[in-house]
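Next up: a single chain in structure tokens, the form predicted alone.
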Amino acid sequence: MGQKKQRLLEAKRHQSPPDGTRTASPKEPRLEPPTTLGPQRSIYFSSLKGRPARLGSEFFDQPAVPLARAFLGQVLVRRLDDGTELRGRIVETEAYLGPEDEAAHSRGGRQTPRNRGMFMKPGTLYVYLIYGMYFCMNVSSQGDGACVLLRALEPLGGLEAMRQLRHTLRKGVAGRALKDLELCNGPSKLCQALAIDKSFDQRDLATDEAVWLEQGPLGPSEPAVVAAARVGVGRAGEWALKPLRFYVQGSPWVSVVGRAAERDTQARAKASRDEDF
């Protein structure tokens, strides 16, 4: 009987914890069961103990417009080779709707080696070079050829490292110290500050070890979101005017403020409040 009891105790030590979770390895995110309705415990998020939840594949699996809005407030994290982690809250995005969108690189449904990431599963990075020297980072969404461009971040952590990277990667610019507001207030600046280059193209934002998205802190109320025209797509005809750029109203880290769009947003908000009375 003594040996049987010993075997039972040994078996219990090797069983999973009573809540059904398993202990994650140091490099493996821990997937927690949905114990509440809040996103921090959703099966769509994974997290290491004591750290914010990492957004999983299901977060990215939505059409470009709602995904562009959902990105606002989330935290983009970049881990450098030396272990330094850079963090920034997303405050501005642009949606590109795929083959029908005359401003998209996938317009007409064309696929090339350059834009292949736009046609891969939601959450795939599409990183491309502009002007032969700068990079822009997009994330694929639902729909072939659809994606979201990350335009601006509010720097949260690793600002000195961001400053050094911007100083090193800026071309033909004098060595003036950059202000915090200048670190990530544009798609190419964002990539410079986070050391994002073409090597990140076609990586999976849901699983990559060097760059990922974390659930942003939940505030008492949702910030006002402005829908404005996209930037730099003037040759796209009527698509240049469509309100497919989204940003957090009042954020000083936004790259371009749309005054007319903000007035429209305020007017709609006022009309909605009036209807409630």
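As the structure is a prediction and not an experimental result, all values here were calculated from the model. When you see a residue number, it is the position in the sequence shown, counting from 1.
A second form of this protein, the form predicted together with the DNA, is not displayed here; the remarks below concern that form.
Although the partner is absent here, Arg87 sits far enough away that none of its heavy atoms falls within 4.5 Å of the DNA in the predicted bound form. In the predicted bound form, the DNA lies within 4.5 Å of some heavy atom of Lys198. When the DNA is considered in the predicted bound form, Thr124 lies well away from it, no heavy atom lying within 4.5 Å. Within this chain, Arg110 lines the site of the DNA in the predicted bound form, having a heavy atom no more than 4.5 Å away. Here the chain stands alone, but in the predicted bound form its contact with the DNA, taken as any heavy atom within 4.5 Å, falls in 134-142 among 202-210, 155-163, 134-142, 79-87. The candidate spot formed by Thr93, Val225 and Gly258 lies out of contact with the DNA in the predicted bound form, as no residue has a heavy atom within 4.5 Å of it.
Although the DNA is not shown here, in the predicted bound form the stretch 178-206 places heavy atoms of Gly186, Pro187, Ser188, Lys189, Lys198 within 4.5 Å of it, in sequence order.
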